[in-house]
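As structure tokens, one chain now follows by itself in the form predicted on its own.
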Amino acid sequence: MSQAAATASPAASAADSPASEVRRVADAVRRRVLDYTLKNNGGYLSQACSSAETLATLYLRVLRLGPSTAPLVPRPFAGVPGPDNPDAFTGADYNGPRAPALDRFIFSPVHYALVLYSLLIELGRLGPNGLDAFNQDGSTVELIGAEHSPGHEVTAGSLGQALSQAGGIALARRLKGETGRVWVFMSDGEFQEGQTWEAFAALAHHRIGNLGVYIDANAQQCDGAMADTMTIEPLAERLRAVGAEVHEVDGHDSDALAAAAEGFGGGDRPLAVIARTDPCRGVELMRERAPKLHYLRFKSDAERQAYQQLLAALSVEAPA
């Protein structure tokens, strides 16, 4: 231990801890998504509220990634992949190079795309002007992300498809003797899809122990509360029944999120981390809209002004 570390005060150590860095990044992600929701008169804001800590923890504390190899300003759409289009690309380069010992990250709920873009900016993987072409024709910085969007490796909608694709990648990596793991970020609404359960059954059958899944369990989907639309509970028990190793944690607690992944990668079972989250965390105004939180579109100038005032207050409170 260095002398500086040995003499640091407890307060300074807490402020410099990995969890405090995750909180700083997560708060910045929420502010940026709120800002763009205001600029576009709508957006997937609740998804930022619920998932910011989980995604920040993944990038800062769980994933083994190399530096981004993608341009800071995203490239325009170059067309769909195919033998006659050598210019096609994916957004996986923002997660660094593919290497046998490095992890791969598969982003499943593609309507969370703005949350991921905002995180990449906070981490320096995407430039501060990376959102200038957000949701514009010809741009890869799409409202609903696709394989060419920053941070995305596969096209994942209809929801539920990404896990199956990730399972194939993980199996191939195991067969090739690669030590890098495959991580998937999902939403709980995707467990209303039959393909998700089929994928978990296949992962367990083939003993895919190098694939881990983090689930943003915010208990809401496009039609309202999950429990009122179609319940998926008890989710932990159901996942264990199909052969997964399951951890259920507070999705806003970075230490708990990171601890769930410790030592993972050498066994023969897929990992599922259920992150129980609050879809209004940091934006209390949204509770007035519950249970319809999926997409925020302002109903009046007064409501928009209230959110604008909240953004101003959050910006003042942000650390310099």
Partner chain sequence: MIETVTRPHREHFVRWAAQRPEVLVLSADLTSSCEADGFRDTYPERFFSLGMAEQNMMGFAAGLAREGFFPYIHTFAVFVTRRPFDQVAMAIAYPNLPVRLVGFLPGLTTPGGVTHQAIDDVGLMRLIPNMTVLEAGDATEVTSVLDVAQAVDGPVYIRQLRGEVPRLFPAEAPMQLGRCRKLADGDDLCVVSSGICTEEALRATSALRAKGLGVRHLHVSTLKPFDDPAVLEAVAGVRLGVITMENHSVIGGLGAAVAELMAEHAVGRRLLRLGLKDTYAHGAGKAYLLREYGLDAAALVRAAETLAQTPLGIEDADLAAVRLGTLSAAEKTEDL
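Residue numbers count along the first chain shown, from 1. Everything numeric in this text was worked out from a predicted model, so none of it was measured.
Form predicted in complex with its partner chain: not shown, discussed below.
Any chance L123 has a heavy atom within 4.5 Å of its partner chain in the model of the complex? No, no contact at 4.5 Å.
Contact of G160 with its partner chain in the model of the complex (heavy atom, 4.5 Å): Because a heavy atom of G160 falls inside 4.5 Å of its partner chain in the model of the complex, the answer is yes.
Does K292 reach its partner chain in the model of the complex if we count a contact as any heavy atom within 4.5 Å? Flag for K292 set to yes.
Would you classify D250 as touching its partner chain in the model of the complex, given a 4.5 Å non-hydrogen atom cut-off? D250 lies outside the contact set for its partner chain.
Going by heavy atom distances of 4.5 angstroms or less, which of L235, I144, A219, L171 would be at the interface with its partner chain in the model of the complex? None of the other options qualify; the answer is I144.
Listed residue that, although its partner chain is not shown, lies within 4.5 Å of it in the model of the complex (heavy atoms), from N85, N129, Q195, T179: Checking each option against its partner chain in the model of the complex, the one that comes within 4.5 Å is Q195.
Run the contact test on S46, F105 and G167 with a 4.5 Å heavy atom cut-off to its partner chain in the model of the complex and return yes or no. Not one of the three qualifies.
Option from 86-94, 239-247, 203-211, 224-232 whose residues, in the model of the complex, bring a heavy atom within 4.5 Å of its partner chain: The contacting stretch here is 224-232.
Residues of 61-83 having any heavy atom within 4.5 Å of its partner chain in the model of the complex, listed in sequence order: The stretch touches the partner through F77, V80.
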